[in-house]
Every structure is written in structure tokens, then in C-alpha cells.
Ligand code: 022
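The chain that follows stands alone, in the form predicted alone, written as C-alpha cells.
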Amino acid sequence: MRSRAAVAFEAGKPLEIVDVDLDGPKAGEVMVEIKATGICHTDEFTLSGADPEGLFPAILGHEGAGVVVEVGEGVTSVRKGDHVIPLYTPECRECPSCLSRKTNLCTAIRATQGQGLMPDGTSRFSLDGKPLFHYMGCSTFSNFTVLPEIAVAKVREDAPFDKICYVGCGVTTGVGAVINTAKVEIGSTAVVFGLGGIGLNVIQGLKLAGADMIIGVDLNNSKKEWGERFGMTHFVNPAEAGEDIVPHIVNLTKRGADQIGGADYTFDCTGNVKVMRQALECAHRGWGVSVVIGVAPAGAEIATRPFQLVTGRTWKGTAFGGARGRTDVPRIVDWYMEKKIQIDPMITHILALEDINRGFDLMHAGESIRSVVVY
């Protein structure tokens, strides 16, 4: 069949809107009509050419929501008409990683997914007889796409596509980092570095978890209002702190008779390795946990003095918020529908597919939290 899609033909060039050919689902696969897709910084990272694993020509996009329109042989967990969210981190429930219950990093289709292909080593997309690469196993910048059955999460049918598509990456990554990775307790103190789409979701995850003190850190003062909207209690602009940000936050979080400062939990949502170090070092000695969420440039390395770890701090990383896609994503959609978390305010721009490049421009200009393309 034919599908309207935004294709990345070359790194650093705008996406081109064309009609592509899409083969139907094979055994264990499903075809989904994408109704809405978010434009994420990860898409921009690949499109820019900075992604060392980026492949071209490809159909980008990994943050979507839609309806199953066809299923391949042997598919049992979803059927035609089901509402689903594509998963760039699948959940097969059978590989050693899934069975360990210690990680969400399913390995069932990792090799071919990284090659821009379906599990059988081929692509379902083509243009003029030449294959196009899939992206993160999703390719939601196409009106129709094909995914493995284990890479779709069935969700409730009364949830709006243009909002829950954000659960496919940003919301789950931020909220999940708090709930699944850090396991924040009621009454905790926390610091969030970077108040973009991920950071704001970390903040609302902290509020959901019952954190008492939620400090947001950003160089842009306009983010103060955004952070407060989602539960932030304190705001710090490092450029205006008057001292190094680490002692500033340590002083801000001092408590108890011994007046030892430091946050119980810190989160880096910037991808800046200097900030990652700062996040670790303003965590509380003895038990502070710092979670790296932001994606650093290729080849970047993090550093700290070993003493920071010897004295009880823990450095952790998280992907997709530690969420098991088919299990956890439907629950997060439920939280949204039950008004336990917010999504609507973060969808700052709704675009047509033909205007998708404007979404990247808005991102670069810092004028959007999340732009969503509605088909």
C-alpha cells in the first residue's frame, strides 16, 4: 500500500513529504495507522547527523499513537481496531533481560532494530523500488507503519491520540525515571537539571511520588513558570546563583540537626556531561542517587572524583524511564485519563505533516515543549 511520510533522505537536510510504499505485516507483526506523532529531540539528534548510528534514507519518528489496521500470522495480543502506542523499547517477556525483571532493555529484536530493519532483516518501507530504513523500530513519521507485535502497547480507546502519543517517549521517560529507576519515596528532596519536556515530566513524576522539595535548575528563567505548573517548589538559574551550583544546592537542601545538605535524588535531563557531574555531586552523601536521563554527544565521557562514590552516592542511568512497554505504558495512559499526571499543557503546537519541519524549527528556537503532528 501507499503511505504519506516525512522522509529523511540526508543528514542535516529538511524532511521531505512523499508517498512511500509499505508492505503488509509478516508473521508476528502488525500494521498501525498512526494518528499522531510527537517530534522528539532524539529525532533531531539523528536528523542532524550527530547520531553515529543514524541511517539514511529513513523514516524517523518514535513517539506515536494509532490504530491497528492489520495483523500478521500468529499475532494474539492485539487485533484490528485496537488503539496502540508504538514502543521503541519492546517487551517480549521471553528474553533473558525480560525474564530477569531487573531491566526493561529487551534484547529480542535489538540487532535488527539497530540496523533500521524488521526482525527478518528486511524493510517494509520502500520508494521507487529502493528500501527505506525504519527508525527505532517505529517510524511514526509515516501515516502507516509496521511493527513487531512485541513493540506495541495496547491502550484504552477513549484516550486522545494527540496527547497520549507523548507517552511513547517523553512522558514515560521522565515519570518512569522517578517511579521505576530512582524509586523516589514520599517526603524526598530532589533536583531536576533541565526543564524541557523530559525535565517537566520528571517534576510531575516527583510530585506523583510525594517528594516534598522539588528544585528545578535551568538557564532559562521562563522555565520557572513551567516547572511550578507541574509541581516544582524551588527554581535555580545557575547563571544567577552567585556561586558554583553544587554548593548552592547543598546549602539549599540543608536539614536536620547536623545541617548536612544534598538532595536525596537528582536527575540530569540535559545530556551535558558537566551537568551530570554537578547532579551527582549535589546528591546527599551516604545515600544520594543521581539518575542520568539526557543523551550525551557521541564519544562524551563523564567524570567525578571516586570519593564522591566512596562516600555513598549512586550514579544510575535510565532508558525509557525503566518502563516495560506493554505492561507500563497502558498504566501511564490511565494515569493521564485519571488526571494524576498532565500532558495537555506540554503539547504546545499541533501541526500537519506538511509542516513537520516547522516543529524542528520550534524546537531549535526553544519555543515548544512538544510539537505534535496529527495525520
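All values derive from a computational prediction rather than experimental measurement. We number the residues from 1 along the sequence you see.
Note that the form predicted in complex with this ligand isn't included here; everything after this is about it.
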| item | value |
| --- | --- |
| Partner contact for V68 in the model of the complex: this ligand, 4.5 angstroms, heavy atom | no |
| R110, heavy atom within 4.5 angstroms of this ligand in the model of the complex | yes |
| R324: touches this ligand in the model of the complex, heavy atom cutoff 4.5 angstroms | no |
| This ligand contact at H62 in the model of the complex, heavy atom, 4.5 Å | yes |
| Among 38-46, 303-311, 25-33, 331-339, the region lying within 4.5 Å of this ligand in the model of the complex by heavy atom distance | 38-46 |
| Joint contact, I17, S142 and V372 to this ligand in the model of the complex, by non-hydrogen atom at 4.5 Å | no |
| Residue among V295, A159, C98, A209 with a heavy atom within 4.5 Å of this ligand in the model of the complex | V295 |
| Residue (of T89, S290, T189, Q204) lying close to this ligand in the model of the complex, criterion heavy atoms within 4.5 Å | T89 |
| This ligand in the model of the complex - contacting residues of 191-227, heavy atom within 4.5 Å | none |
